[in-house]
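Single chain ahead, by itself, as structure tokens, in the form predicted alone.
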């Protein structure tokens, strides 16, 4: 075989190179065009700014006195924040996990013992338990009571009696300072 190509062979090699270049160029332009056309559809699936704003709630704890509870809204759900008394903390800490329907220690439910933060929705059928306001029934264990089906929660929001299968949920939260908490 010789190292020199005939003019016909050189023309065929040039044509093949041109076809390969055109194929790769066309495929690249098509891929970029498809990505640019699809991006608005993909981007519109991201949550809107107003939805992102509702994903967290900041609460100033300073005005809440010991023994007082407040309710704030986070993601459309009531969140109970209670400034617990020393008596409530000791009662909640004294309960043995074996005595609970949904075993969970008080220390696992709070970051700071005096502040109990939990979603105020009964885990049985989604009712809102009583016990946030003074004068409301706090149930047999001094916490919260769901009158719809008779679930009783203790001073740590744990189910103690009734049909509810789980403790009141504790949302993700963090303390931004001694008197400010961010929920979500």
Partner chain sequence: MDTNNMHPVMKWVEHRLPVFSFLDHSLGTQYPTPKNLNYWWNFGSLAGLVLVIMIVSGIVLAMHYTAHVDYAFNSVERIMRDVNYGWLIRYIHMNGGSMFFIAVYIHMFRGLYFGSYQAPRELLWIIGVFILLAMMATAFMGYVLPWGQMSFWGATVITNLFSAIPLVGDSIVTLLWGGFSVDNPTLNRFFSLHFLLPFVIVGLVVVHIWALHVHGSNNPTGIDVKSEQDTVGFHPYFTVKDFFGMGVFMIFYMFFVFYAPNFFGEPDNYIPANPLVTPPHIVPEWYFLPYYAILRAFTGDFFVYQIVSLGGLLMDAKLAGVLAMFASILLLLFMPWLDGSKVRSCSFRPIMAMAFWIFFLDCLVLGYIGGKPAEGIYITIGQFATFYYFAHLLVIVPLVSRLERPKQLPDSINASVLKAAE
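Every value quoted in this text rests on a predicted model; they were computed, and no experiment measured them. Numbering follows the first chain given and starts at 1.
One more form of this protein exists, namely the form predicted together with the partner chain; it is left out here, but the text below deals with it.
Exactly one listed residue, out of 134, 28, 34, 46, brings a non-hydrogen atom to within 4.5 Å of the partner chain in the predicted complex: 46. Contact annotation for residue 148: at least one heavy atom lies within 4.5 Å of the partner chain in the predicted complex.
With a 4.5 Å cutoff on heavy atoms, residue 123 counts as touching the partner chain in the predicted complex.
With a 4.5 Å cutoff on heavy atoms, residue 73 counts as touching the partner chain in the predicted complex.
Proximity of residue 127 to the partner chain in the predicted complex: non-hydrogen atoms within 4.5 Å are present.
For the stretch 77-104, the set of residues having any non-hydrogen atom within 4.5 angstroms of the partner chain in the predicted complex comprises 77, 78, in sequence order.
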